[in-house]
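Same protein, same chain, two forms; see structure 1 and structure 2 below, as structure tokens.
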Structure 1
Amino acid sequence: MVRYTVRRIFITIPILLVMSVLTFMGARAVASPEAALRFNPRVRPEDIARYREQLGLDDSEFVQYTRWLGKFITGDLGNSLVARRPVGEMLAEALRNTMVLAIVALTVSLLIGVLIGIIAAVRQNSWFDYTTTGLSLLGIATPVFLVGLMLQLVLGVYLQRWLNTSEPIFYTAGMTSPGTQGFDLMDRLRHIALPATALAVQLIAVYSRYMRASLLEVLNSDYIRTARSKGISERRVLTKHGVRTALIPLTTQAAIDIGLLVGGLIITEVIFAWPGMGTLFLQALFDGDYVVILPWLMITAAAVFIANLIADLLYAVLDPRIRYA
């Protein structure tokens, strides 16, 4: 497994290098740091030329790329052109906030989704199976922004009116309440409840469908019938042989979701004003701050690779028949 991991890492290096080229070209094409200056009537053309020279934008694209890549590899991400803050500090803060939200949503989604999928597979064609199937299809078809807005209205606004409380039970924006000192667990939970639920609704629907379909296929396989013929209890057949193997497709989907979530839950973060990677990316894009956009894209690409590598290694843990040379 160690050899396989090292080989995958070496294979990924040229892929990430190609990604860096595409990332640099794309970011430079859509983000122009001097765009806002050109619409300012008080800014003279010579001021714009001097600004471009300071940023090194007059150099060839190859020179700009190699200069940026060298700094990126050494960890020098520079300072934001607009916020005037270290980019590494901004990305670390945004990534931490996004991961908090993503971990809570994924944990809840996996626990509930796997449980629903197992029960629906074991009780196939029952009222529970039909009900969860319908609700899952509804959850998959409902856009995240609509779920978020409904949660804000019902649980953030109307619930406070119904209970006649001085403050909402669940907050609809931000991570902390104004004036909060230090880390307040209850305050953080009241802020994260709605955005995590908005994310979990669709994830639970997807994971439950994956788990049900995969477990049904596994329970009808030959080795499961062999295990039953040996007199092994149904509970052990289900938990030790059935569920473990059925988790493999779900592991693949969860790894893809984790890699994508690292890049930022753009819609959810915007609706709930959550200061994460998605919000940071949109702000940098609007400002033409390519210094922030470039490492953001590279971190997202690396997260997708790492998540899929972890998923591949988990396959061998879930199914002993899988071996990596």
Structure 2
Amino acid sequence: MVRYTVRRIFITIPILLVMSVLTFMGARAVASPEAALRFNPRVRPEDIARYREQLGLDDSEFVQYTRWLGKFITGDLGNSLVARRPVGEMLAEALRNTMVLAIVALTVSLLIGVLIGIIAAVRQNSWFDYTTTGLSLLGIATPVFLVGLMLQLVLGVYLQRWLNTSEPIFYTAGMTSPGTQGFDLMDRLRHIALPATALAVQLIAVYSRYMRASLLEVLNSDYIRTARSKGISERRVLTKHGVRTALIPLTTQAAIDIGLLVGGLIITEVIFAWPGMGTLFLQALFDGDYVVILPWLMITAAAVFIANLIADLLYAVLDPRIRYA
């Protein structure tokens, strides 16, 4: 398996290189480096020329690309054109914030989704099964931006109005209240509740369907019948032989999802003004800050590859039938 992992990583390197070329072209196409200067009416053409020279924008595309790649590999990401901060620092902060939101939402969704899936499968065709099936269809059909806005409206605005409190129970924007000192858990929770719920609505819908299908497949298998024939308790049949086996595909799916969420929270972050990767990306896009966009695209792409690799390895660990040579 070690050999397999090493091989997978080696295969990934050329793919990431190709991606970097595409990324470079894409980032340059969408983001004009002069955009940062456009806002200032007093900028003269000479300034722009000096600026272009500073950034090396007059060199050939190829020279610019290799120069950028060299710096990228050595970890020198440069400074943001607009925010004037080291890009590495900005990305690290955004990534951390995104991961907090993603992991909270994913953990909650997994717990609830798995539980719903188990009950729905065990009580197949019961009212619980039908209700949760209907709700998850609703959840799957409702895009995350709609869920987000409805949550802001109902749990943010209306709830405050009904309870007649001076400040909202759940905040509809940001990660912390302005001016909070240090780490205030309650304040954090009141900020993360709505964005995490917006994400969780979909994830729970998907995971509960997935778990239900997976567990039903297992429960209908021959080895569950064998387990029952052994005289072990129904509870043990369900947990040890049923759920444990049915969780394998779900676990790997969740691993893949973490990779996707690195760059995939754009909408949630926009709606709830969450200072993560998505917000950073859109801001950089509007600013034409290609210095930020380039490593951003590389990181999100790499996250997908890494997560997929982890998912595959996890599968091999959890399911003895899978062997990679």
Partner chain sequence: MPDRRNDPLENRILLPAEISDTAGVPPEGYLEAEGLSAEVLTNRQLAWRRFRRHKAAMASLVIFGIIVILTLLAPVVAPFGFEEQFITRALEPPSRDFWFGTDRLGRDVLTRVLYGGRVSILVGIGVALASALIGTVIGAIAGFFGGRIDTILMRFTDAMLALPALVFLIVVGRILGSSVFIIVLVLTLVFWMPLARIVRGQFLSLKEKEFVEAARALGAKSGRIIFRHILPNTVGPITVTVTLLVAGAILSEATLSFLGFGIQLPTPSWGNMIADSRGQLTTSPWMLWFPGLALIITVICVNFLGDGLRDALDPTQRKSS
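Keep in mind it's a predicted model, so treat the numbers as computed, not measured. Between two forms, the rigid core is defined as the largest C-alpha subset superposing within 1.5 Å. Counting starts at 1 with the first residue of structure 1 and goes up one by one along its sequence.
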| query | finding |
| --- | --- |
| Identity of the form predicted on its own, given as 1 or 2 | 1 |
| Rigid core superposition, G242 Cα moves 2 angstroms or more between the two structures | yes |
| Did T197 shift 2 Å or more between the two structures, C-alpha, core superposed | no |
| Cα displacement of T133 between the two structures reaching 2 Å, rigid core superposed | no |
| For T252, CA displacement between the two structures after the core is overlaid, in Å | 3.9 |
